[in-house]
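Only one chain is shown below, in structure tokens, and it's the form predicted alone.
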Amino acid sequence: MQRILTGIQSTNIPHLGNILGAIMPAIELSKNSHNECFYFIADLHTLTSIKDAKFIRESTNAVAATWLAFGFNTGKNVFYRQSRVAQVTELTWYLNCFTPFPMLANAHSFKDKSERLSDVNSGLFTYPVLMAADILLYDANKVPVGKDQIQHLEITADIAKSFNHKIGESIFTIPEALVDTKVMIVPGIDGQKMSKSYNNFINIFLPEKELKKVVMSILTDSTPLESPKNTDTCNAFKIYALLAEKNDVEIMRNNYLKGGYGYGAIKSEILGLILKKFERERTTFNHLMQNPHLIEKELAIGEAKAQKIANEKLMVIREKLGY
């Protein structure tokens, strides 16, 4: 059995891009009987950019509710809040002492903001080390990552190899990236990649009237109703194609090419698809958010499992380091 680990920051309610591109594929991985999955809410990472306690708490519940609504099996796997397994911060310190400064200075998470150092806190600078601790603490074999996170996983592997070499034993499992070459790029309502940073996302859990307002705001061009339309450049068509069945996508493509079909019509179809496709998940999510004790119960079970494994690992590391 291989151990798979991944985390999502609690920076808001997961949007359609998060769900289609990360959460649903990860849940499919967890259904494989040969996989043991550790999925966590990276609320410590969140603090590098967000300092609002109420927002972090609400976002943490929303992330947890999303995983649960989409059917993550917390009995078979391990589901937890990063901050509730404090052993990860202890391991982060140990790993910091084995991590050379230039390695972190070259990390994307730092370099992307290095031109404005006043905006960079030390938590952001050492972000890859906390990520390494998240992974190495549980001896994860595979880590699902997007292309933008491959470098950070390489840093994790380098830190683990350095530690193993200097301590003289193979204390840490060297993780491998699990990169989906068919990774789904979900466009936002403005045509850029859907992102909280761009505020161009679709929150599928909104009440229907609010969701309709967002979907109807999807940016389209000014091609007249009667004219043929370009499916390759149309943002609405791209979003529709990610949600609809293959046959329906071809029907929609024909609607575009023959003309006489308006953008308002396809936006209505997108709204209907979201409401139908995610009806159960929307209901479950809202029920969990209204009953946070149910979320707390599920997380507490996973955190007890995670703490036990983390303690056992840290006992070995402490001894090897002389503590």
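One rule holds for the numbers: they count along the sequence shown, beginning at 1. Remember, predicted model here, so these are calculated numbers, not experimental data.
This protein has a second form, the form predicted in complex with ligand TRP, left out of what is shown; the following refers to that one.
**Q** Heavy atom within 4.5 Å of ligand TRP in the predicted complex: which of 91, 143, 234, 107 fits that? Just give me the one.
**A** That would be 143.
**Q** Please check if residue 149 has a heavy atom lying within 4.5 Å of any heavy atom of ligand TRP in the predicted complex.
**A** Yes - in the predicted complex, heavy atoms of residue 149 and ligand TRP come within 4.5 Å of each other.
**Q** Residue-level contact is defined here as any heavy atom of the residue lying within 4.5 Å of ligand TRP in the predicted complex; does residue 68 satisfy this criterion?
**A** Taking the distances in the predicted complex, the answer for residue 68 is no, it never comes within 4.5 Å of ligand TRP.
**Q** With the partner left out of view, is residue 205 within 4.5 angstroms of ligand TRP in the predicted complex by any non-hydrogen atom?
**A** Residue-level check for residue 205: no, no contact with ligand TRP.
**Q** State yes or no: in the predicted complex, is some non-hydrogen atom of residue 42 no more than 4.5 angstroms from a non-hydrogen atom of ligand TRP?
**A** Residue 42 belongs to the contact set for ligand TRP.
**Q** Which single stretch, out of 92-100, 132-140, 246-254, 170-178, brings residue heavy atoms within 4.5 Å of ligand TRP in the predicted complex?
**A** Selected stretch: 132-140.
**Q** Enumerate the residues of 9-28 that have a non-hydrogen atom within 4.5 Å of ligand TRP in the predicted complex, in sequence order, or give none.
**A** Counting only heavy atoms within 4.5 Å of ligand TRP in the predicted complex, the single contacting residue of 9-28 is 9.
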